[in-house]
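Quick setup: one chain, the form predicted on its own, written in structure tokens, and binding and motion questions come after.
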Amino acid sequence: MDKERLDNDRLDDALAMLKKKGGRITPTRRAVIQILISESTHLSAEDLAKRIQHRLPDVHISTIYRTLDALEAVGVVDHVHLGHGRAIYHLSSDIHQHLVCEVCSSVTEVPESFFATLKGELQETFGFTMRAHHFAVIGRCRNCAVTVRSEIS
């Protein structure tokens, strides 16, 4: 299946979910979802606003924030905090975990299933239900860890 058809299917699915949960399909909501589908990276509200204002120049940043809140409330989008920076957004259907290098700031996406054992142990031991995709795991990527080790030696 080609990328355009896949993107259209993802858009249709997200809009159907929005409508099913009682949300309205507005031009801004459609644009936010389309951009999150088409971009290969996570975006902040400010990044989304810049891209949307090319299509819809009268859309204010406050509208983008309200749109993201509304889409998150019905489960269409999710946000994550990568360290101390701004929240970034992605479609909820694309659940994954983020590993952020504290040296070079690179971000590696890993499947949520990678944390299944930890999630189960936290639930069993503490009765705690973890939402791993909401936060980033901070550490050092392979390249920076090797560089630091070689500088110490």
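Small disclaimer: the values here were computed from a predicted structure and weren't measured. Residue indices: 1-based, along the sequence shown.
From this point on, the text means the form predicted in complex with the DNA, which you will not see here.
Proximity to the DNA in the predicted complex, single hit among Ile95, Ile35, Val59, Val110 (heavy atom within 4.5 Å): Result of the distance check: Val59.
Which of 123-131, 110-118, 97-105, 61-69 lines the interface with the DNA in the predicted complex (heavy atom within 4.5 Å): Careful reading of the contacts points to 61-69.
is_contact(Arg86, the DNA) in the predicted complex, heavy atom dist at most 4.5 Å: Looking in the predicted complex, residue contacts with the DNA include Arg86, since a heavy atom lies within 4.5 Å.
Partner contact for Lys19 in the predicted complex: the DNA, 4.5 angstroms, heavy atom: Contact check for Lys19: yes, within 4.5 Å of the DNA in the predicted complex.
Partner contact for Arg142 in the predicted complex: the DNA, 4.5 angstroms, heavy atom: No, Arg142 sits far enough from the DNA in the predicted complex that none of its heavy atoms falls within 4.5 Å.
Touches the DNA in the predicted complex: Ile138 (any heavy atom, 4.5 Å): Taking the distances in the predicted complex, the answer for Ile138 is no, it never comes within 4.5 Å of the DNA.
Within 4.5 Å of the DNA in the predicted complex: residues from 99-129 (heavy atom criterion): Read in sequence order, no residue approaches the DNA (within 4.5 Å, in the predicted complex).
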